[in-house]
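Quick setup: the structure tokens below cover two forms of a single protein chain, split into structure 1 and structure 2.
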Structure 1
Amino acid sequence: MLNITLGESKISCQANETVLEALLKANIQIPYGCQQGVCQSCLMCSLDAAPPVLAQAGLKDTLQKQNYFLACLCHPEQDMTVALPEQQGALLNASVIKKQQLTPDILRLVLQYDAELTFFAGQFVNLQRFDGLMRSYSIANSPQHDKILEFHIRRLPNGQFSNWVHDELGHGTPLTLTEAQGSCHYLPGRMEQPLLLIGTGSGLAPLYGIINDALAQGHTGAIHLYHGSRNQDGLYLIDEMRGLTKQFDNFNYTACLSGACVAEQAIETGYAQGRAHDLALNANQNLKGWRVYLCGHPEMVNQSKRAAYIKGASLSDIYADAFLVSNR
């Protein structure tokens, strides 16, 4: 008989029981559905050891790397300390060290944090201000930076948090943040695999981190980035992206303008005319074996998921964290 620890609760798990069965028997309620590993509603994280391999069946490799598992499939092989995805750790302290306007509506915010934080470029954290108001933002830098986190925050017309960041948040102001979450990030292992990244607006943030992380780790497969906006004011980091195309032969960058009156502007500036996902998917007819990252407007992400799958991409190789496609 083994012990399962969840928060303040420690329960016994019989040899023939799964983690889910043991928790439910102890009247500890967690989300679950099919109990066959299909719906993935019972996703949990092991905090002290890698879970059994069979308990990770069907999960994306990025989640497996973070010790996530399905409670309904997990027959423990040793004592386990587990957590639900939103209960992985306490808040960490951070402070503002840089603000930079990237576009009229998008701000680069750089924080320095004071404790250990494990993250992958492209994951997200929840930022919390002094009064408890919290929002989720993607990490735009790779883990090689020393206790630094970068975010690209778009101002929303009625965005209580984003307007505060743009207008009031000052240098040195303290914030708190959660541990990193999300499966939308780069993992080494298939260095020759082609990568297709499609983003709109501030959806470039996680893609920017993923690209830099992949290149820093020596990814050899082709990397294609399509970043789109209705007009030129919505595009940013253009020089940095074009610089990477000169530095790395396997990196390709296409800036896309989709507004009705940008044809002449697109030609003059070297931008492609059209919606980023349309251009990307038309240019790449066969996506079998590719890894696809999608970040931006919900409609674009949903359409692109379907189209990428139809063109041969495996569902396990299509990445888009839910919060990345919503307005924050």
Structure 2
Amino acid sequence: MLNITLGESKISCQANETVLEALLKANIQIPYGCQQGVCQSCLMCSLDAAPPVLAQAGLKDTLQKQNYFLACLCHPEQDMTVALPEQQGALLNASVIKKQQLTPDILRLVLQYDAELTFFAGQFVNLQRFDGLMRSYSIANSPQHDKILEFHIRRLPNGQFSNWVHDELGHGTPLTLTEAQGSCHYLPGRMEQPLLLIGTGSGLAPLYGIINDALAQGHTGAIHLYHGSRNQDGLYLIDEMRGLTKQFDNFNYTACLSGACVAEQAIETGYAQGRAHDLALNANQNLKGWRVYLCGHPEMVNQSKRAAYIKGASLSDIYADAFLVSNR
């Protein structure tokens, strides 16, 4: 007999019982459906022990790596502490160490945090202001020993959090953040797989992190980045990206301008004309076997997801973060 801990509750799980059966028997309600590992509605996360492999059947590899599992398939092999996916962990304190203007609207924010945090470049955390206002931002750097996190934050007209970050957040301002979430990040294995990354605006943040991570881990397949904005003012880190193409033969970079009156000069100096996802998807007719990352404008993300899928990429190889903005 093994112990399962969920929040404040500690229950026992008999041999032959699944975690789901044990929870339900103890009158603890969690979402579930088919109880056959098909519908994935009983997704949970183990906070300590790695879950049994059989309990992770059919999950995305990024979720598997983060110890997600299906309660209905899970016959525990040891005591486990588990959580539901949205259940948030503790908050960490963070402080500003750098603010740098990348474009007139996009700010590079570098924070130092004070405790342990496991994350992958490309995941996101929720930043929280002292009054509780909370927004999600994607991580643009890989974990290092110096405990820093980099974000690219776009100022939205009248946006509460983004304007506060741009205008008021200073070196001494208290700020907290949640654990890293999301499955939009690089994973080694299948090093020869071609990667297609499409981002608009500050959607470059996670992609920048993912690309650096992939190159640092020795990814050998072709890597194609398309970064788009309406005009030249919206693109950033251009020189750095061009530098990477010289340094790595397998890295390709296309800066895309979609505005109606893009100066001819801009085209001459190496910008492609059109929307990033149109250019990317037209250049690649068959995406079978590719891994695709899509970040930024929700409409771009949704359209591209569908198009990439129809062109042959499998759903489990498409990673996306739509930068959803709440409607007031």
Partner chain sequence: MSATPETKNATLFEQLGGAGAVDAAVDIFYRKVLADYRINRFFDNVDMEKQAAKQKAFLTMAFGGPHNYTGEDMRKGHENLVKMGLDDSHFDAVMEHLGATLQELNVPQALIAQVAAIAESTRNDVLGR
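For numbering, take structure 1's sequence and count from 1. So that the term is clear: the rigid core is the largest set of C-alpha atoms that superpose within 1.5 Å between two forms. Everything numeric here is computed off the predicted structure, so don't read it as measured data.
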For this pair of chain forms, which number matches the form predicted alone? 1
With the core lined up, does the C-alpha of A283 move 2 Å or more between structure 1 and structure 2? no
Does L47 count as moved between structure 1 and structure 2, where moved means a C-alpha shift of 2 angstroms or more after fitting the rigid core? no
Would you say N126 moves between structure 1 and structure 2, meaning its CA shifts by 2 Å or more once the core is fitted? no
Between structure 1 and structure 2, C-alpha offset at S12 (rigid core aligned, Å): 2.6
